[in-house]
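Before any questions on how it binds or moves, here is one chain, the form predicted on its own, in structure tokens.
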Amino acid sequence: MTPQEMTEIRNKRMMAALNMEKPDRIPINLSGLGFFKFIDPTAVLADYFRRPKYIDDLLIQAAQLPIIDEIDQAPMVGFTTEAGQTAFAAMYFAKIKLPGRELAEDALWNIDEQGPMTEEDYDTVLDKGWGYMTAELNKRIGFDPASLPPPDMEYMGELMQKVAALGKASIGMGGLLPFPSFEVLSGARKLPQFFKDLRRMPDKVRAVLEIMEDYAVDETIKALKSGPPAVYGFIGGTRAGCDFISPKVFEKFHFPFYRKVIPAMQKINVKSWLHQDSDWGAFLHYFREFDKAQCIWDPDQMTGMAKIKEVLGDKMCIEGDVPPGLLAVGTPDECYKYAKDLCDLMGDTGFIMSAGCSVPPNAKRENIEAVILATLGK
């Protein structure tokens, strides 16, 4: 079978799951940044920034290992760069700490909150808009998007040819879209101060969020229309679980973002991939209002797949949820059982096997293999 034929099979498999239809088998979407260690155990996370092309090569090799090659998703090559992580942190108006620079050689990179927005800036947003404030806050943290180095298009072209030769799924993701406005504002103000704002001046915060949400929707649609055709757009959620905020706060300050952006994406035929970290169990029912097969629910291991299946199983594709800690320190038997039980719970329609959030860099190869074999029913 040619790589093109294999890609077509995997694309159909993924699209069936996203559309709440029955695929030929459960898709496997084990994404992670540490697979390079399966080829070179001496490599460290700092190598992503020190010698990124070497890491890309290792990831290509790892994708072809026996059993590992059953993963449907393409490896995350060309993904993690210093410029990319700097821009990612700037979405929260924060800075990035990198391994081999501020951190140990094999440490995970960290977001370092700056909180450059002042209380007076709320009035500035109401007067001049969020676009103006974004540029101002970027100046305060020393971030200039225009100064980021352009991608090496020649190298990226070569890399994409290598990925295409793997025969992996290639359905289009519409990039990393603006995060929920509640979370962006919490980063701009710094989390403790933002929570004080919610108590001291809730109406002003809500008014500013209204402006931010409309701005985010415009930026989202602009990004999706300007890029290659996208099946889905990735929206991250990290600071709004029911273990962190109350239903009252969620309803008033956070959920309105989804009510605006998801329908706007649907109008241009793009699904919303909701990557939701922390426990969302008490908030799941809010998301039932969106059309069937319009969203993908992608949790970490905190919510519980049984609850997600109960509340959203007939409304959207669900991905998950093997705990990263289990992949790192568990046994192959434990990982196999967890994955098999998960397949039994979720069934073969509208489900994608994955790790909770992401495969950790210290995951054991034999544990990844156990999850794959369980999903394949072997």
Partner chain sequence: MSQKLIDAMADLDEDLIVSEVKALVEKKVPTLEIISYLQEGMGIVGKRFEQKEYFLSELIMSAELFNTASALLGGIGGAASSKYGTFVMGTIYDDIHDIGKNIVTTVMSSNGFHVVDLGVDVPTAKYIEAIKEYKPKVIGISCLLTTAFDNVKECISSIEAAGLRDSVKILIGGGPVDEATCKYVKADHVCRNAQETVEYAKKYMGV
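Positions refer to the first chain, counted from 1. Model, not experiment: these values are computed from the prediction.
There is another form of this protein, the form predicted in complex with its partner chain, and it is not shown here; the text below is about that form.
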Counting any non-hydrogen atom inside 4.5 Å, which residue from Ser147, Ser226, Asn269, Ser246 sits next to its partner chain in the predicted bound form?
Ser246
May I ask you to choose, among Met201, Leu191, Ala164, Ile141, the residue with a heavy atom within 4.5 Å of its partner chain in the predicted bound form?
Leu191
With a 4.5 Å heavy atom cut-off, would you call Thr80 a contact of its partner chain in the predicted bound form?
no
Non-hydrogen atom contact Asn110 with its partner chain in the predicted bound form at 4.5 angstroms
yes
Do Gly32 and its partner chain share at least one heavy atom pair within 4.5 Å in the predicted bound form?
no
Contact between Asn19 and its partner chain in the predicted bound form at 4.5 Å, heavy atoms?
no
Using a 4.5 Å heavy atom cut-off, which stretch among 203-211, 294-302, 257-265, 127-135 contacts its partner chain in the predicted bound form?
294-302
Is every one of Phe195, Pro324 and Pro361 in contact with its partner chain in the predicted bound form, taking contact as a heavy atom within 4.5 Å?
yes
Of the residues spanning 88-107, the ones with some heavy atom within 4.5 Å of its partner chain in the predicted bound form are Lys97, Leu103, Ala104, Ala107
